[in-house]
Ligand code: URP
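We begin with a single chain expressed as structure tokens, specifically the form predicted alone.
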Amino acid sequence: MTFDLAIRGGTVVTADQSFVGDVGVKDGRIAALEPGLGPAARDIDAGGRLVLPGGVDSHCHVEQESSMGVMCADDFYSATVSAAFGGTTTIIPFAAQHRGQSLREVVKVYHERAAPKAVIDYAFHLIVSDPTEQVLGQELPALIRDGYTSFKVYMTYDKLRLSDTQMLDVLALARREGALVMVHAENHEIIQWLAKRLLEQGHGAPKYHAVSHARLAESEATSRAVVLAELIDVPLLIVHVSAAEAIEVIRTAQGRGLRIYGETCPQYLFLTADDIDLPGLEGAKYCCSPPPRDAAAQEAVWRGLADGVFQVFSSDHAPYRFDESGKLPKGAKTTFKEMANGVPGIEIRLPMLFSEGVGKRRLSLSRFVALTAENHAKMYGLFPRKGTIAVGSDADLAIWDPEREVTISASMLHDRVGYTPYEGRTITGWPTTVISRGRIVVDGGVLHAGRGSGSFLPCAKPETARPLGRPVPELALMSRVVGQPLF
């Protein structure tokens, strides 16, 4: 066989193994994995380099309007270009429903935004903020069958949050249809109560965002979400976990055998609340929800990544410019309750975790691959097409120079945010060549992929969404009494 492309002599790493050998690519897929492959139309010498699966970023906000009416700085072109330069070859952003919108129409709009612009492959999660009878009875089940098999719900934000009753309705539907629910877990009432009192006392600076989003608000909501999932007997993913207390809730639930999954993000490893405490409004650049905590919380997150509490490491890329179009809608008068929440991170997600995790021996290379690629694909029904290096999988590959030193600056990144919270940090390890479905997308710092060359990926119903088949005794008894399942 003559291959279209051969990557020769690199150290190939998956979540299960590593070996020195060649990767042969034919028709966009991996066709062979062994030393000394035959001829190819194009060769890449990967000697002394790592050959990793292209990253999968399963939590990012792209060309999405917030509930406050603020549009992200990145569209599907700039976001996917930025992702590719950082070694990511698949993203799963959100098609976000706002109150009063048809979920089916929302999905149509996001396809129209993505198809002409994306340079790498993409799927969609849904955001469900208005679970009407029409949405739950017709639109959502049909969309799940069409390949939108995961959706996010919120326990906070005035225009997004669901009540516990609505949460139970959504969880019951997910169980019935085989979908995975992602939860933003923060106690809305705690945050509102604290924020109101802070503002009444004249404390509107960015640093008070972290004060109002207390860690107990996160841990309480996480605990409540776990209870709701246990009641319905359905798996659940708690996203962007920041606090040691919430981590322990997840660890305890997993120890009890519940299918509760955890996700964390760069801001909880590399930022703290001290970064928000800057003069003027500069701290707004570091504000996200939940907020960065302290050094002890960072260590708790590292432990969770190493010991399996967290299955996935995502960017939660939420790109808002530092001006009145984004972070500061009221200019110099913007308070912490009015600024757009979120930080950029789609391009630095993999390099920063590689440098500080693998480089400092906190994580093995295989664990790095699992956290950044394979587990994402498994979690959302894209495996083994995505997330691994195996014969038959898409040829999504990132060739890494593990010794390359890079000093991060906004000027070197490819998003449209205009700043990075990680300005001036020097890290070691960076992807030099990035390949998507056998196409060289990035090589030597140059983009080689055109607008619209990425493809949409319908997701299968994931194994991770299967219930345990272990209903709580009260529901089992009630089902027997009424003679049929309750949901």
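Predicted model only: the values in this text are computed from it and were never measured. Throughout, we count residues from 1 along the sequence that is shown.
Another form exists, predicted together with ligand URP; not displayed. Remarks below refer to it.
With the partner omitted here, the stretch from 334 to 342, 378 to 386, 193 to 201, 224 to 232 that lies within 4.5 Å of ligand URP by heavy atoms in the predicted bound form is 334 to 342.
Mapping the unseen interface onto this chain, Y154 counts among the residues with a heavy atom inside 4.5 Å of ligand URP in the predicted bound form.
Among residues of the shown chain, H61 is one whose heavy atoms approach ligand URP to within 4.5 Å in the predicted bound form. In the predicted bound form, ligand URP lies within 4.5 Å of some heavy atom of S289. In the predicted bound form, H184 approaches ligand URP with a heavy atom inside 4.5 Å. Proximity to ligand URP in the predicted bound form, defined as a heavy atom within 4.5 Å, holds among I250, A318, A300, A284 only for A318. Contacts to ligand URP in the predicted bound form (heavy atom within 4.5 Å) from stretch 221 to 251: H240 only.
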